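Just one chain is shown here, as structure tokens, and it is the form predicted alone.
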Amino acid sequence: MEQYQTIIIGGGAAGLMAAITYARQKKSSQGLLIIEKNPSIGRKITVTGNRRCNLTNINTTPDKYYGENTKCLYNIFNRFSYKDTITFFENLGVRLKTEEGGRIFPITNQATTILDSLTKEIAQLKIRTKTEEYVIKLIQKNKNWEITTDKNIYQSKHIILSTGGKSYPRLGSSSEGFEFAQHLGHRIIEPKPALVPLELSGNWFHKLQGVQSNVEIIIVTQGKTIATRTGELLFTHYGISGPMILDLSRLIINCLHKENNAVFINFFPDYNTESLKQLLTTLWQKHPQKIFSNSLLGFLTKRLRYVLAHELKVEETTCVNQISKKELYRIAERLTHWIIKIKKTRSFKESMITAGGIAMDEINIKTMESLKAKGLYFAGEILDIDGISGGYNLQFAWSTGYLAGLQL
């Protein structure tokens, strides 16, 4: 049985930050081990931010996150903020830049730059890592922890569990971290895909596969508009996707099974029903002989015009001077409030992050130590916190990894 002071299970963003923080404060990596089941550490980092690694955001605040207890983020980000993340990587020699929306990227536009800087620091600090080793069992014995893997048995005083969520299963993500935590008495908020495309009911969108359009999404719950967002919408063979939909997916799914809920597309985001009616009236008076779909030229793509016209039950040969005022109002109302029926999210295979996880009310948020089992710490995506896209989820991983590594 190999003996260690601290074992980190999971060599992703949170685990690597925890290891570096631990070794720096101890001024030694003696007694520290990272166990990673993948062939190499930090694999998921290389696919983040479209492989450019959006490592944090200058607008990081708790309101960018979901979970049962997001108030804990005030303490967590006060202890390790986006500014600390920037300083950390700049001190590793990484040059950074700020892009639209406060997103921070390496100036190389390569996610491998971030991973290379971390692996170089791991090597510099002589932190021991064991890859391609799968943890099978985690139990507490005589105030120590016993870890059984497919290759060995270890004993350690402290454990940091940073195994991530269930997203990106092709990169090794699975549910074992949640299972370990649950077995040790922790409450698990059901893990669900987040930052994920949505499947729609119906078939009208099938003809629009690959079409992108600038639209407004409107989410209504119990008769009240709770969110609106304007951006690029991508139609797929199963429904809708694109950065805006990924960000709204968590909110949409939360509202999905509640009463009096609806999700609308406004295909004319600069107009409401009344102003669109006035616009169309003006355009149609100038060009009364135009057929309906051509009258929307300049606003919508060709395929979108024809599909929407068909769904509105307007004949292809109908000239706009044949459309009554009542019919005009119906068209304007539909085009600004096009209801869509959400069937479900796509699977974890297509999600960027996992919603749900270990309940934060069972964690000491100053140290990230379990309130259920002494010597057990958590960091990163395994916890019940998930953010919108834009570097927020990696910031949570860096912050919680830092706090866990600092306390040991």
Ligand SMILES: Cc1cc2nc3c(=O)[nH]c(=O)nc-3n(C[C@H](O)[C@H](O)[C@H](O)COP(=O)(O)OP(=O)(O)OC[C@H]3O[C@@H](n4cnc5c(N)ncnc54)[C@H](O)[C@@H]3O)c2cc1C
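Treat the numbers as computed from the prediction; the structure is a model and nothing was measured. When you see a residue number, it is the position in the sequence shown, counting from 1.
Keep in mind the form predicted in complex with the named molecule is missing from the figure; the text below concerns it.
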Check your understanding: Among the candidate residues 99, 121, 133, 199, which is the single one with a non-hydrogen atom no more than 4.5 Å from the named molecule in the predicted bound form?
Key -> 133
Practice item. Look at the stretches 337-345, 25-33, 42-50, 366-374 and give the one with heavy atoms within 4.5 Å of the named molecule in the predicted bound form. Key: 42-50
Exercise for review: State yes or no: in the predicted bound form, is some non-hydrogen atom of residue 172 no more than 4.5 angstroms from a non-hydrogen atom of the named molecule?
Suggested key: yes
Check your understanding: Using heavy atoms and a 4.5 Å limit, would one call residue 70 a contact residue for the named molecule in the predicted bound form?
Key -> no
Point to revise | Interface membership of residue 397, the named molecule in the predicted bound form, 4.5 Å heavy atom rule | key: yes
Exercise for review: Although the named molecule is absent from this view, report whether residue 106 comes within 4.5 Å of it in the predicted bound form, heavy atoms only.
Suggested key: no
Practice item. Select from 154-168 the residues with a non-hydrogen atom within 4.5 Å of the named molecule in the predicted bound form and write them out in sequence order. Key: 162, 163, 164, 168
